[in-house]
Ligand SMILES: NC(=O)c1ccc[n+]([C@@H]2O[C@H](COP(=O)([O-])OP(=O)(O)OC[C@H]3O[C@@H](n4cnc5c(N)ncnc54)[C@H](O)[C@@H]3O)[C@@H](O)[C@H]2O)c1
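Shown here is one chain on its own, the form predicted alone, set out as C-alpha cells.
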C-alpha cells in the first residue's frame, strides 16, 4: 500500500467505525497513508484498523468523543505519537437526531446536534491545525451534506449544522492558507450506510424510498465518497480550498 498518492502521509478520520468514515480510512490506507480511525465506538474503530493492517496497511483505532475537548486532543495526540505529524484530517463524525419540527424541538436535541456535528468539527480542526503546521501543510476535509444546501422538514438541527460547516471550512481556509493548509467540505447525498438502514428499516427500503429522489436514480455508495476524500487529501487538489465538493447524485440540482 506504500506506493499510492498518499504515500508517506499521516491521516486521521473521525466517525471511522463504519459507513463513509470507514470506507475513507480504508481508501486512505490503500493510497499509502498511515491512518488513525477515531470513533466513539472504540471496538469497531479497532476492528477497522485491524482489517487495514491485515491487508498490509498501517492503522490505529482509538476512542474519541468529538464533543469532548480532552477526548479529541488525546486521540489526535495518540495518532501523532504512533505515526508522526498528521497532514490529512477528515472530520466525519455526525449525529442525526429524530425528525421534529422546530417549534417542537427540545433544547437537548438541538444541543446534541450542535455538539457532535459542529462543535465536534471545530475541536477536531483546532487540534489538527498545529499538527499540520508541524507537518509543513495539510488538508482538512469536513463531511457536510447535500442538506447544507437544501432543506428537509423536521431536520432543522441537521440542516443548520451542516450548512454551518461550509462557512467554517471557508474560515479555516483563509486563516491558514499561508501555512499550506487547505480546508474543504465534502457533501454527500443519500449514501447506503448502516445509519440510513436504521432510518428506513433496512437498506433495501432506503433504496426503494429515497434512491429515486436522486436524479441518478439510486443511493450512493460509501466508496464513491471515499474516493472523493482521497482526491481532496491529495496533491491533485492542491489548488482547491474553501470549497464544497457536492456528490449527491443530482439531488440539489432539482
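Positions refer to the first chain, counted from 1. Because the structure is predicted, anything quoted here is derived from the model rather than measured.
One more form of this protein should be noted, the form predicted in complex with the named molecule, which is absent from this view; the next part is about it.
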Using heavy atoms only and a 4.5 Å cut-off, determine which of 79, 140, 144, 123 is in contact with the named molecule in the predicted bound form. 144
Within 4.5 Å of the named molecule in the predicted bound form, heavy atoms considered, which of 206, 226, 40, 49? 40
Is there a heavy atom of residue 116 no more than 4.5 Å from a heavy atom of the named molecule in the predicted bound form? yes
Given that the partner is absent here, does residue 162 sit within 4.5 Å of the named molecule in the predicted bound form, heavy atoms only? yes
Would you classify residue 194 as touching the named molecule in the predicted bound form, given a 4.5 Å non-hydrogen atom cut-off? yes
Please run the contact check for residue 66 against the named molecule in the predicted bound form: heavy atoms, 4.5 angstroms, yes or no? yes
What stretch, of 92-100, 174-182, 79-87, 126-134, brings heavy atoms to within 4.5 Å of the named molecule in the predicted bound form? 92-100
Within 16-30, the residues that have a heavy atom no more than 4.5 Å from the named molecule in the predicted bound form: 17, 18, 19, 20, 21
